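To begin, one chain is listed below as structure tokens, in the form predicted on its own.
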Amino acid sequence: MNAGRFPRISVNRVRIFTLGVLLVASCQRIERGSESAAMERYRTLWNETHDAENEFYTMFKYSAAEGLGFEEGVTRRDPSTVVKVGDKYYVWYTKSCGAPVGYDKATGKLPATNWDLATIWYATSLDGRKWTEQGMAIGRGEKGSFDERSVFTPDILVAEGKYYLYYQAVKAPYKRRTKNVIAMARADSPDGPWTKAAEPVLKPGKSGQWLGEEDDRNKVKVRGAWDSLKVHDPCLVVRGGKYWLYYKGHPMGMRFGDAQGKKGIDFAMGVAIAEKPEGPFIKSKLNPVTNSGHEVLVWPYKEGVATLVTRNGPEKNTVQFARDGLNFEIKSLVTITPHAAGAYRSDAFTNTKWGEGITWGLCHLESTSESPYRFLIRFDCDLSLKGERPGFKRWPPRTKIETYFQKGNKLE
């Protein structure tokens, strides 16, 4: 080989080149250092928008849902998606009677919680504000069945000319360690009658191992999957011709870790996808698709899926969006969010390629020390492409003194 083809590079030239690279890098660091991390987020995450310009930001405003309001001795909670059939709106919800006494004192007639010993009822409305309760849609199962103890937290799917109710179910006895499943029933009319599927359509993930015999959900030897204890709060969209069932998962052993000190997520959302409304539903390998949240609300938005993430976890009280329906990113921070929101999602089941968003729905009010009974109210918002409600893009109202001194906030 002819060494003359490779000119000799002097040590001085290498030093000068290296110094030049370092100077450029130093200048770049100085330039980047002239902007705070907050301002970088303002440019890249928030796109230099104010709340009024952010399509994912909204206030939530509330009003009565006449006919579904407070009733002594009765709980109505966890409303489904609101659907319109002809000139009527329909909603399904959990209904139970009697004050909850806790898991340790519960009996065959005394509920542990206000979703225990429950059934699923429904109501109709002509305007979304005045509602008429129509009766029970889904009752508890026969003795020994997987839904013997309670059926609750429903959502509706309209597909192929039929109606499908998906709901949480629990067997007896109902304890802290009892596993929950998602069941399904089908009808030709929103008024029923409903025919239950013989088996759940979604079950908890890979099981962990309890530590000891005490009925304590926190004590585990092995946590298992992120949804090893409960799958619940179904919410469905039709996307790409398939049925996407979003749900909340709970692990065996909450956030405190197992006997080896291994911690994990407590509240999160996953999704399972099926070719048919009856299933089988296959859980996504990316589950969980959020790291926070409580009750599940998703809706088609533009080419993707939006979700309201509330109450629990590091990303609570946010609206998030995923173009692929799986990889969610924070788009806005929100306050005074609805509990267990069931929205009117006009295009949730139309296989739309450009979702319009949501503007209203129903939710429940939490129980208080004065009354253990929950009831339904209406919420309004502006999470729609139509952008016809500028009053919902304002700052939220200041918190009143009663909130600061309510139970849980007040330092006793």
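Quick note: we count residues from 1 along the sequence shown, nothing fancier. The structure presented is a predicted model; accordingly, all values stated were derived computationally and were not measured.
There is another form of the same protein, the form predicted in complex with 3,6-anhydro-alpha-L-galactopyranose; it is not shown, and what comes next is about it.
Student: Since exactly one of Trp115, Tyr90, Trp131, Tyr246 fits, which has a heavy atom within 4.5 Å of 3,6-anhydro-alpha-L-galactopyranose in the predicted bound form?
Tutor: Partner contact (heavy atom, 4.5 Å) among the options: Trp115.
Student: From the candidate stretches 206-214, 226-234, 121-129, 297-305, select the single one in contact with 3,6-anhydro-alpha-L-galactopyranose in the predicted bound form, where contact means a heavy atom within 4.5 Å.
Tutor: Going by heavy atoms within 4.5 Å, the stretch is 226-234.
Student: Decide if the three candidate residues Thr81, Asp155 and Tyr166 all line 3,6-anhydro-alpha-L-galactopyranose in the predicted bound form, where lining means a heavy atom within 4.5 Å.
Tutor: Looking in the predicted bound form, the three residues Thr81, Asp155 and Tyr166 all stay beyond 4.5 Å of 3,6-anhydro-alpha-L-galactopyranose (heavy atoms).
Student: Is there a heavy atom of Arg77 lying 4.5 Å or less from a heavy atom of 3,6-anhydro-alpha-L-galactopyranose in the predicted bound form?
Tutor: Within the cut-off, so yes.
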